[in-house]
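Taking the form predicted alone, here's one chain by itself in structure tokens.
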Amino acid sequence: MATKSTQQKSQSPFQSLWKAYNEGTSDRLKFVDSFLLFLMLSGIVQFVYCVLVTNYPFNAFLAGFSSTVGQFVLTASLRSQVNPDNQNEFKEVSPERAFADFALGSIVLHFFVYNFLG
């Protein structure tokens, strides 16, 4: 029978990273991370479709892809502001204020994307 320390040493780095992520990350941040993963996969699918199938109409591709990238950047900013480990860097920003900034930035981003479509 293997000891506990031997079992920990035999874990792959990915397994130990996944275990630390599940144990040390709040559900709120996991939800934001899942949205970031969705945005990343959505951008990849749009780019692959543009390369393999067609890029007509090109404005639609640019609008969709820039919307995905912009939303990813806004969501990553939200994650860094609401992460409890970063409270020292964002002392004056409450989680509610960070979400309000995220929502307003998203509205402005999608307004520009809609106008870009023509």
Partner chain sequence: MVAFSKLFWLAVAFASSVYAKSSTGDSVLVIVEPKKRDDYNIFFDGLREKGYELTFRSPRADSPVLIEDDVPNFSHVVLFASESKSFAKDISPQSLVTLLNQNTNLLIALSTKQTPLTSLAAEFSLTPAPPGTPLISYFPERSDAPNVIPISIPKTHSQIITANTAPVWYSGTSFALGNNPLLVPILSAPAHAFAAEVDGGSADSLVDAAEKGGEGLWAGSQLGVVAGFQARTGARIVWTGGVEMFSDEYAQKEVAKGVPSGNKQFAQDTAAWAFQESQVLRIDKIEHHKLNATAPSEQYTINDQLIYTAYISKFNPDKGTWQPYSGLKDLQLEFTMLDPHVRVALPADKGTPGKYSVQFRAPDRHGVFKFIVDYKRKGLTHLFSSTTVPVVPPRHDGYPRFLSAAWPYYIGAISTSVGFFLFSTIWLAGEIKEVKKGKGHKAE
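Keep in mind that what you see is a predicted model, and the values were worked out from it rather than measured. Numbering follows the first chain given and starts at 1.
One more form of this protein should be noted, the form predicted together with its partner chain, which is absent from this view; the next part is about it.
F99 belongs to the set of residues with a heavy atom inside 4.5 Å of its partner chain in the model of the complex. In the model of the complex, its partner chain stays beyond 4.5 Å of every heavy atom belonging to F90.
In the model of the complex, its partner chain lies farther than 4.5 Å from every heavy atom of K19. At the 4.5 Å threshold, heavy atoms of Y114 reach its partner chain in the model of the complex.
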